[in-house]
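Just the one chain here, laid out as structure tokens, in the form predicted on its own.
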Amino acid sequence: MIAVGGGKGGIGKSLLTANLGVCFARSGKRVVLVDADLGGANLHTCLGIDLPAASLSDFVQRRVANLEDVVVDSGIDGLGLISGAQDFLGSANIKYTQKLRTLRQIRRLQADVILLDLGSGTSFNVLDFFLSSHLGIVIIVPEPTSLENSYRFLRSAFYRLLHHRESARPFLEIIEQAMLPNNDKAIRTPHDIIRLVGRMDPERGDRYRAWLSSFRPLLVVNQVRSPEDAELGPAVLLACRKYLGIELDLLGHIDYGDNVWQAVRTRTVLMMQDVESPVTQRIWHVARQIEKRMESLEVAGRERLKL
């Protein structure tokens, strides 16, 4: 399971998810794309197909019993799609039991690679799907709002991870305070919460520090127009390490190209339409970098959030 998020809308999550799916399918893997953004489902558009009749929300609301029954053919060999059609999964009101059932069924899909296209924002649903995946990709674009949202997304994801793993009430209350933007404990970064918890319980502080060390999302810089934009990736890695204590793994950047919006406008698959362009070559590079991480996971394994 690979989740593609980033906190902000309009940064290319769906387009990248769809085209990475094409790369993996053309490499001989069985791939299923899951549109987990039911409030703004558009993966089908990126694949050039009509909105399927059955969707993930049908499964969540038990109109369909088996998630495999809502997988539709994308028209590309080896690539299936589970579409999102209604504003349901993106809602903060989805029940915890519904989330568990959905995650269990996603994990059981007959596929080598499952790509989750997450919605924008930092709702618990978005964060839990991100944390429950083997690999979590954060996409940013060279804009101040995207950077702010990505830092908020990463910080919130780590706090959510702590909340799931902590069981003692006093420390849960601290974590819940940390998740508030202007909390009265002056917790602004993971460093702050680890420092506070460490003063109360040194052993627990060490445990939090180890969890932070093992929390290593992947980063992709999208819509790069200049050499300066391309340097954003390393700069974000340094900033996250210094201010958040979070180590990111940079997969690369993807250039801005007119062929991207042309593919969206004409409802054609970018990777099938323009295989030699700089944009598609960059996407292939990112896909190969992900495959390397997948191979490492098969050897070493990675602890994911087990909801």
Ligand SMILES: Nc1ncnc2c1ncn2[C@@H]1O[C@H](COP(=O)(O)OP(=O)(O)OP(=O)(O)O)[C@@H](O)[C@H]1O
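Each residue number is its position in the shown sequence, starting from 1. Computed from a predicted model, the values in this text were never measured in an experiment.
One more form of this protein, predicted in complex with the ligand, exists but is not displayed; see below.
> 48-56, 253-261, 63-71, 24-32: which one contacts the ligand in the predicted complex at 4.5 Å, heavy atom to heavy atom?
Stretch 253-261 is the one.
> Mark residue 15 yes when one of its heavy atoms lies within 4.5 Å of a heavy atom of the ligand in the predicted complex, and no otherwise.
Heavy-atom contact with the ligand at 4.5 Å: present for residue 15.
> Is residue 42 a contact residue for the ligand in the predicted complex, using a 4.5 Å heavy atom cut-off?
Looking in the predicted complex, residue contacts with the ligand include residue 42, since a heavy atom lies within 4.5 Å.
> Does the 4.5 Å heavy atom contact test between residue 286 and the ligand in the predicted complex come out positive?
Judged by the heavy-atom cut-off of 4.5 Å, residue 286 is well away from the ligand in the predicted complex.
> Given that the ligand is not shown alongside this chain, does residue 120 nevertheless sit within 4.5 Å of it in the predicted complex, heavy atom to heavy atom?
Residue 120: yes, in contact with the ligand in the predicted complex.
> Of 149, 223, 133, 125, which residue is found within 4.5 angstroms of the ligand in the predicted complex when only non-hydrogen atoms are counted?
Residue within 4.5 Å of the partner: 223.
> In the predicted complex, does every one of 164, 166 and 193 come within 4.5 Å of the ligand, counting any heavy atom?
Checked in the predicted complex: no contact with the ligand for any of the three.
> Though the partner is not shown here, which residues of 147-178 have a heavy atom within 4.5 Å of the ligand in the predicted complex?
The stretch 147-178, when checked against the ligand in the predicted complex, contributes no residue at the 4.5 Å heavy-atom cut-off.
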